[in-house]
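As a starting point, one isolated chain is supplied in structure tokens, in the form predicted alone.
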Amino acid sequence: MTKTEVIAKGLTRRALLASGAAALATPMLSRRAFAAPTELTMLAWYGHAEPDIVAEFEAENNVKFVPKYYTGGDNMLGLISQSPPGTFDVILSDAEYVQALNAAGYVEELDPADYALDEYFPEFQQFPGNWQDGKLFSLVTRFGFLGVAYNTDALTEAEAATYNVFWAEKLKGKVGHFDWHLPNLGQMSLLNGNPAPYDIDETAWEAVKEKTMSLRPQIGGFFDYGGTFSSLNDGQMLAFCGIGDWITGVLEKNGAKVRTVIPEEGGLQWSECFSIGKGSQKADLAKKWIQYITSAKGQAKSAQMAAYPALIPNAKGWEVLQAENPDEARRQGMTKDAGNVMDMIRAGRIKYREWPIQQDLETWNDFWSEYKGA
């Protein structure tokens, strides 16, 4: 063997040894980047598992979300009831459905000490629906208000500042409904002067039905999520019941001449909450996700969700949003200015959307089907 061959052979052997030693010395965190990501299943409204919300968390934790999207709480309950325990690692539900999820044994109990509840506004630290018998089962992550959605070319803000505008002659056939009984009938109940729109006796319920039926000749259609967007965007509908900035905010930012106002009769609050699915084999990762999305950084991201914007309950999240996107913070009313969204809540102008208390849910649903068919 020549001297050159001996040197080459030695170099090759040392290179192999060095590479092997380097591999052994590589920290576990670095090596994990080469492993296949862990899949985390999410049951949610559209948008919650899209890249603008989850990409950072996925990259930091080597996770890949697998979403199952739904529209409406009843649809969500149906999907869970038809799936084996453990199918969904994280579940996003509207607050009024959390107790149903808990009663059916679909969600795990949470430890309050795991989450930054001290950063939340006081009104959201013991949020209705999140707790039962002193135990935490979900965490509210975002919310919004429902009022009168309107085309700004067709109506002024002053005209839209009452639910009575839906009966305006110029809107005949141009009023749309988001096809879900709870927000629409809740608004009719507010219009009728009920201070607790979902806690009404039979006399008040009959009056709500009568008032709602009187609106039927004005209605141009009942729309799902996509249909609501398109019919407002193209001017097919000039006013809408049952929705708010969660839809008009997206359209307005894209140039559509639409807006939502909270009318003089008051507005409704929708609230979205995250839970850990019962039987999840990845509960630790699911907990980590909820910690992330309820942190100040995650909250600011959630407020600006591309699919639909929202208000956030984390006070420090407001500060992050104000620094990152002051225009959006002002647009949504998440500033220290007088009249901000927390002032509206504290003034009593906003009522929680919830299940009916003196009637069962099926009674409201049956009437809604009757109304649509009238």
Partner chain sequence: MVPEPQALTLPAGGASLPAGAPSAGVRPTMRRRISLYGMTFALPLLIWQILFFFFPLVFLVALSFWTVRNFAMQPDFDTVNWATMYGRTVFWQAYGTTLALAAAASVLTSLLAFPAAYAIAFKLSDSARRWAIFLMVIPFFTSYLVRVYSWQIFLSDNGIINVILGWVGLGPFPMLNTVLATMIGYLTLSFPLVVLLQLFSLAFIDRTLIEAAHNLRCGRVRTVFEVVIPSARTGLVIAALFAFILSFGDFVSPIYLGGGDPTTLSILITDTTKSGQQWPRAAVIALTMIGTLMVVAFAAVKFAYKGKST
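Residue numbers count along the first chain shown, from 1. Owing to the predicted nature of the structure, the values given are computational and were not obtained by experimental measurement.
Form predicted in complex with the partner chain: not shown, discussed below.
A.B. asks: Could you tell me which of 176 to 184, 279 to 287, 241 to 249, 130 to 138 sits within 4.5 Å of the partner chain in the predicted complex, going by non-hydrogen atoms?
C.D. replies: After filtering at 4.5 Å, what remains is 176 to 184.
A.B. asks: Considering Tyr115, Phe222, Trp167, Trp205, which brings a non-hydrogen atom within 4.5 Å of the partner chain in the predicted complex?
C.D. replies: Exactly one listed residue reaches within 4.5 Å, namely Phe222.
A.B. asks: Looking at Ser214, Asn75, Asn254, Gln126 here, can you tell me which has any non-hydrogen atom within 4.5 angstroms of the partner chain in the predicted complex?
C.D. replies: Filtering the options by heavy-atom distance leaves Asn75.
A.B. asks: Using heavy atoms and a 4.5 Å limit, would one call Trp355 a contact residue for the partner chain in the predicted complex?
C.D. replies: Yes - in the predicted complex, heavy atoms of Trp355 and the partner chain come within 4.5 Å of each other.
A.B. asks: Tell me, yes or no, whether Thr156 is in contact with the partner chain in the predicted complex, where a contact means a heavy atom of each within 4.5 Å.
C.D. replies: No, no contact at 4.5 Å.
A.B. asks: Under a 4.5 Å heavy atom criterion, is Leu361 part of the interface with the partner chain in the predicted complex?
C.D. replies: Because a heavy atom of Leu361 falls inside 4.5 Å of the partner chain in the predicted complex, the answer is yes.
A.B. asks: Indicate whether the partner chain has at least one heavy atom within 4.5 Å of a heavy atom of Asn192 in the predicted complex.
C.D. replies: Asn192 lies outside the contact set for the partner chain.
A.B. asks: Is the partner chain in the predicted complex close enough to Ser230, Asn365 and Ser369 that every residue in that trio has a heavy atom within 4.5 angstroms of it?
C.D. replies: Verified in the predicted complex; spot residues all in contact, yes.
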